[in-house]
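Quick heads-up: it's one chain on its own, the form predicted alone, in structure tokens.
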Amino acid sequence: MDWQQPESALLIVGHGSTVNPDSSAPSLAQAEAIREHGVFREVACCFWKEEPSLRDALLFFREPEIREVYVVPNFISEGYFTETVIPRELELEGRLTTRPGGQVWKYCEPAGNHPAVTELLLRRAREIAPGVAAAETTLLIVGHGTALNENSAVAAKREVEKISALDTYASVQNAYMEEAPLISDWARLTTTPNVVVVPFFISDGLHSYQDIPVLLGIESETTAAASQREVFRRNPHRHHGRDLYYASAIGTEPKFAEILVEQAAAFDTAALDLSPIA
């Protein structure tokens, strides 16, 4: 992390959860890793469903030496939260917001938009299915999907296109929890003897460790959170005559700390559209 901003702060914005402490764990760990490198004068987290809240973050960074705040959504893609909730709760006027005291807040791209995410997906897939022939394997990248914002699935579709172009796996496909193609239809969507499923989420929350396993059919009912059991890392699961390999969420990769910093740095180096957020 060579880029240094001693007069700036980093605000990592996560979803959080009122029922699962694992949801905020990646953001908190990434914030601590960034602090250890001394990139910013201050690093803080806020969450939509946990404390400190997004509204609480408006009271952060009171030191007069902090002239800029880089806001990086720790989300997989643009969507309802990055385009509606975060700007509203943080009172952002656009990509650049100048507060009454002159402090400038810079609203950066979501972590999941970073180019390095592709290699992280591939690494996670290799780790959970070592020695499995990719030519006999389907890689399923699982997203949430939502009717609230059509951009929600964009990042997952982009990663499928990039990985498909590498011609490594027999098939690379998207599947979603709440829109077609549904992850619950995985057996019908795939034909290969091996299926690798990687949740395209930031954290091992209720979706990746409770909802999706039931939708896959490897659990009959929801189970404990990731911090309480490791059952879904015992691969492969033999199901529908196939070997099914199930990974933890991609955002738990330690590399995401670097990605957050690089997304902040990209704000200053890219020719961003600084028009108001719609």
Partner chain sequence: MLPRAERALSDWLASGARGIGQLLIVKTGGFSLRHREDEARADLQVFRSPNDATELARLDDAENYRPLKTAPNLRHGWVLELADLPALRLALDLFYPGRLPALAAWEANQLATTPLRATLDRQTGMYRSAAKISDGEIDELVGRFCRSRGGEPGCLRTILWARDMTGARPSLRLPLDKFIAPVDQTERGEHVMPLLCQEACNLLVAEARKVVKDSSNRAERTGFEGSC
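Keep in mind that this is a model prediction, so the values were computed, not measured. Positions refer to the first chain, counted from 1.
The same protein also exists as the form predicted in complex with the partner chain; that form is not shown, yet it is the one meant from here on.
Highlighted residues 201, 214 and 253: none comes within 4.5 Å of the partner chain in the model of the complex, counting any heavy atom.
The candidate stretches are 108-116, 87-95, 70-78, 121-129, and the one lying within 4.5 Å of the partner chain in the model of the complex by heavy atoms is 87-95. Proximity of residue 234 to the partner chain in the model of the complex falls outside the 4.5 Å heavy atom cutoff. Looking at residue 35, you'd find a heavy atom of it within 4.5 angstroms of the partner chain in the model of the complex.
Taking the partner from the other structure, the partner chain in the model of the complex has no heavy atom within 4.5 Å of any heavy atom of residue 263. Although the partner is absent here, residue 42 lies within 4.5 Å of the partner chain in the model of the complex, judged by heavy atoms. Applying a 4.5 Å heavy atom cutoff to the partner chain in the model of the complex picks out 17, 18, 19, 20, 21, 22 from 9-23, in order along the sequence.
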